[in-house]
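Heads up, the chain below is alone and in the form predicted on its own; it's given as structure tokens.
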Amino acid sequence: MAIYTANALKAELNERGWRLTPQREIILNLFQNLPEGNHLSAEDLCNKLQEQGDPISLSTIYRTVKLMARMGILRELEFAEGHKHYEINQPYPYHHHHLICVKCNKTIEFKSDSILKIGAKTSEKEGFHLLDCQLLIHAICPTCQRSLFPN
């Protein structure tokens, strides 16, 4: 998948009968400028937008991130916190997966070509166009293991 520009997003939205609203463009820009490894919940996104002087309602944010996730622009991530996080869906070789501690929510990103290859091969075999392939591993980190199982 290519990195989305405002023009590419506008064209794809128009193709589907939707518009590129100023709010959608602002949200896209924020995600494209996030430092690598940052994931935002809808609430985090709302706070960041307010801080930068772009207050967008939480309901608009939820609709927009869901739409962008369905389009393959954002990755929707289900961490151990009970709510979804989002990040820009980077093309290979920036594609990555997540190892998440279910106790402290520490998240480690890692790359695996074999996971991506399996996803691509399976999609192709079934006639699908791959938008995203992600593996979330839920585990307990060494620090939390020590607190749960002291010697």
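Note that residue numbering follows the sequence shown and begins at 1. As the structure is a prediction and not an experimental result, all values here were calculated from the model. The term rigid core refers to the maximal set of C-alpha atoms that superpose within 1.5 Å between the two forms.
Omitted here: the form predicted together with another copy of the chain. The next part is about that form.
- In short, of 36 to 44, 56 to 64, 23 to 31, 112 to 120 it is 112 to 120 that has heavy atoms within 4.5 Å of another copy of the chain in the predicted complex.
- The closest heavy atom approach of residue 126 to another copy of the chain in the predicted complex falls within 4.5 Å.
- Of the heavy atoms in residue 9, none are within 4.5 Å of another copy of the chain in the predicted complex.
- Residue contact with another copy of the chain in the predicted complex: residue 19 places no heavy atom within 4.5 Å of it.
- None of the heavy atoms of residue 48 is located within 4.5 Å of another copy of the chain in the predicted complex.
- Heavy atoms closer than or equal to 4.5 Å to another copy of the chain in the predicted complex belong, across 39 to 71, to one residue only: 70.
- The Cα position of residue 130 differs by 2 Å or more between this form and the one not shown after fitting on the rigid core.
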